[in-house]
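Taking the form predicted on its own, here's one chain by itself in C-alpha cells.
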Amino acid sequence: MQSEGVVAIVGGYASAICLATTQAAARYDLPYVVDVGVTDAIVNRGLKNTFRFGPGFGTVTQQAMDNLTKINEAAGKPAKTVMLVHEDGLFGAGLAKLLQAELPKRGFEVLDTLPHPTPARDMTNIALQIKAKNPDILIPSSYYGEFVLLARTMQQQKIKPKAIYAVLNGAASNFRFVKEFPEAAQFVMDCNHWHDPRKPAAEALRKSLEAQGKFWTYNIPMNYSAVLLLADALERAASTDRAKVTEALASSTFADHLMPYGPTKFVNGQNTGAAPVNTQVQGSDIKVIFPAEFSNAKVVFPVPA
C-alpha cells in the first residue's frame, strides 16, 4: 500500500492484525483508522497515525460488568458464579484478564477460565468442564465459528446456565447465528458494538444489505462509519498530504456516523465518545436491552428453564 501511494487505511477488524498493521503504517506516517480492533495496546503506544473509532476492551469490560450487575440485581441476584471461555489470542486473553479482575469486585465468583485456540474444531472438552462446574453465568469471548460450535455443543449436552452473557463475541450479535441455529442462540446476551436503531441511515443500510441476502453484523456499521469519518477528514484537509489528513483526523468532530456515539473526539488516538451496547437474542431478532435511552426490549433473565 505504501508503494502504491495510498493516502490512508481503514479497517483491520481483529486486534492482532490492527496491532501489526498500525505499527507498519506508522513507519510511513500513513493515517490509519481502526474500525473494530479492541485491544487497548493499539492506541497506547503513542502512534500519531492511529485513530480507533470504536471502544477498546477496557471501556467495553467496564460497561459489560456494570450492566451485568444491574441485570442480576434487578432479578434478585440469582447468579453468583461465573465461568469464562475465551479464544487464546491477544483479544480473548486480554479480555479474560480484565474480567478476572472485575467480576470478584462485583460479587461474582469465577469458577474457572478456559482458553481455546482459533480455529477450534471441537468444543466437547470445554462443554464438559462447564457442565461439571455448573456456573450460573457463562461469559464467552470468541470469534464466530468457535462460539457457534460451543453453543451448539452445550445445546446437545443440555447445558443450561442461567445466562450466556457474551462480551465482544463474534456470534452473539450476529443474525447468521440467529437464523441458522435459533435454539442455540435464544436469549444469548452480548455486550458489543452495535448500530444506533434510532438513526434512519443505520436502518436504511441494514435493509439494503438484507435485501441483498446478506447478514447484518456489527462490523458493517462500524467499518461503514469509519470510512465516512475518513472521507470527512479528507474533505476538511482538502489535500491528500498524509500529515494534513492526520491532523484533520486528530481534530475530528464527525457526527454523521451510524453508531450510538456523540461527535467523534480523539484523545491519544482513541475516540472517547465510543461506547458498546447490550443486546439479547429474542425470538428471531436481536434486541437492544441497554442503554435504556434506545433499548427496544426488556432483558430476559434468568433464562426460562
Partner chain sequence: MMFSPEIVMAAVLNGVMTGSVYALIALGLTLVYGVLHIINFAHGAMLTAAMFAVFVGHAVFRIDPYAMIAVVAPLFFALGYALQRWVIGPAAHGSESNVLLVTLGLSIMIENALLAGFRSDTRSIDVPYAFSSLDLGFTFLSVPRLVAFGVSIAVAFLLWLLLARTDAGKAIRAVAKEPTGAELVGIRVEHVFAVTFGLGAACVAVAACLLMPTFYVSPRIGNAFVLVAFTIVVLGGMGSIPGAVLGALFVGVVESLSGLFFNESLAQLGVFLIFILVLLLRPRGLFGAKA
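Only a predicted model underlies this, so the values are computations on that prediction, with no experimental measurement involved. Positions refer to the first chain, counted from 1.
A second form of this protein, the form predicted together with its partner chain, is not displayed here; the remarks below concern that form.
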As a check of understanding, the residue in Arg206, Lys160, Arg152, Lys199 with any heavy atom within 4.5 Å of its partner chain in the model of the complex should be identified as Arg152
Quick one: of Arg106, Lys77, Lys97, Lys131, which gets a non-hydrogen atom within 4.5 angstroms of its partner chain in the model of the complex? Lys131
On the criterion of a non-hydrogen atom at 4.5 angstroms or closer, are Gln63, Glu102 and Ala171 all touching its partner chain in the model of the complex? no
Partner contact check in the model of the complex: of 231-239, 187-195, 115-123, 69-77, the stretch with a heavy atom within 4.5 Å of its partner chain is 115-123
4.5 Å heavy atom contact, Tyr144 to its partner chain in the model of the complex: yes
With the cut-off set at 4.5 Å between non-hydrogen atoms, does Lys214 touch its partner chain in the model of the complex? no
If we define contact as a non-hydrogen atom of the residue within 4.5 angstroms of the partner, is Asp88 a contact of its partner chain in the model of the complex? yes
Is it the case that Glu180, even though its partner is missing from this view, gets within 4.5 Å of its partner chain in the model of the complex, heavy atoms only? yes
